[in-house]
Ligand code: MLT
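First, one chain by itself in C-alpha cells, the form predicted on its own.
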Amino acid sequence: MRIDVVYAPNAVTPADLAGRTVVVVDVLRATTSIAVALANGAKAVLPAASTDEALRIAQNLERDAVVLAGERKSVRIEGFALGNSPAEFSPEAVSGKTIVMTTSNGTQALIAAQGAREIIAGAAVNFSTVAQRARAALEQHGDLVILCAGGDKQFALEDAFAAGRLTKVLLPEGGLRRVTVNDGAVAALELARHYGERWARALRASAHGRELVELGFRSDLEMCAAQDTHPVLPLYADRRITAHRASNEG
C-alpha cells in the first residue's frame, strides 16, 4: 500500500492522479465550507476555476435554485451571495440549493484532481468520515493521494497538518513497515506528531490562519478546527460535489 502527500496542485499532473483515489484538503476554508454546505442540505457544490466561469455556470441554472459563493484574497467576491466562511453556509442559506463556488486555492485543487478514480473533499469537520472512506480505498486499491490546496501554489501548514493527521490514522499496525509513503507524507507525519490532535493550534500557527484573524475571521478558525462536527462525505464527480454514504459502496 502507498500514501502520497502533495502540497500544491501544481505539483501534480492529471496522469499522476489517474485511476487513484484523491483526498483534497483546504482546511482554511473551502473544503470545510463544502462539507458544512452539504451537511446543511445543499444539493451540490459546483467548483469553478474563476469568477467568470462561476457566473457562466450559474446562468445555466434556475435562478432560485443557485447560490454564488467565493472569495479572492479571503474576501467575498463582490456581487456573490456568500463568501468562503463556513458559518455563512447555514441551512437557511443553502438548503435545497446548488452552490457554485470559486476560491483562490480549494476549488483549483479540486479541479486539478479531475480524472482521479475518486475525489473526496476532506477537512477537520468531516475528518472521521473521510478517514473511513480513505481507509476503504487504500485497502481496496492499494494507494491514496492526499492533495493539499496550499496557498498561492505554495506549501500551507494547515493543509499539511491535515494530511499528516489523515496519514497517521490510516497507517495500519506496523506503520511505515507496511505502507510506502513519499517524502511529503513523512514531513506531514512530523507535523502531526508536533501538533498532535490540536487542530486549533496548527491553524492559528499557519500564515493563512494569522491572515484570517487579521481580516476579522477569527471565528472561522474555531469552526474549521472543530473535528467531526459535520460528518458528511463529499465526493466530486462530473464537476459536482455531492454528499454520499460513508461506506466502501459509495
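Just so you know, these numbers come straight off a predicted model, no measurement behind them. Quick note: we count residues from 1 along the sequence shown, nothing fancier.
What comes next is about the form predicted together with this ligand, which does not appear here.
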If we take heavy atoms and a 4.5 Å cut-off, which stretch out of 105-113, 121-129, 91-99, 161-169 is in contact with this ligand in the predicted complex? 105-113
Would you check, heavy atoms only and a 4.5 Å threshold, whether Val36 touches this ligand in the predicted complex? no
In the predicted complex, Val45 touching this ligand (heavy atom, 4.5 Å): no
Answer yes if any heavy atom of Ala69 is within 4.5 Å of a heavy atom of this ligand in the predicted complex; otherwise answer no. no
Is Leu203 close to this ligand in the predicted complex, meaning a heavy atom pair under 4.5 Å apart or at it? no
Which residues, if any, of 30-69 lie within 4.5 Å of this ligand in the predicted complex when only heavy atoms count? Ala30
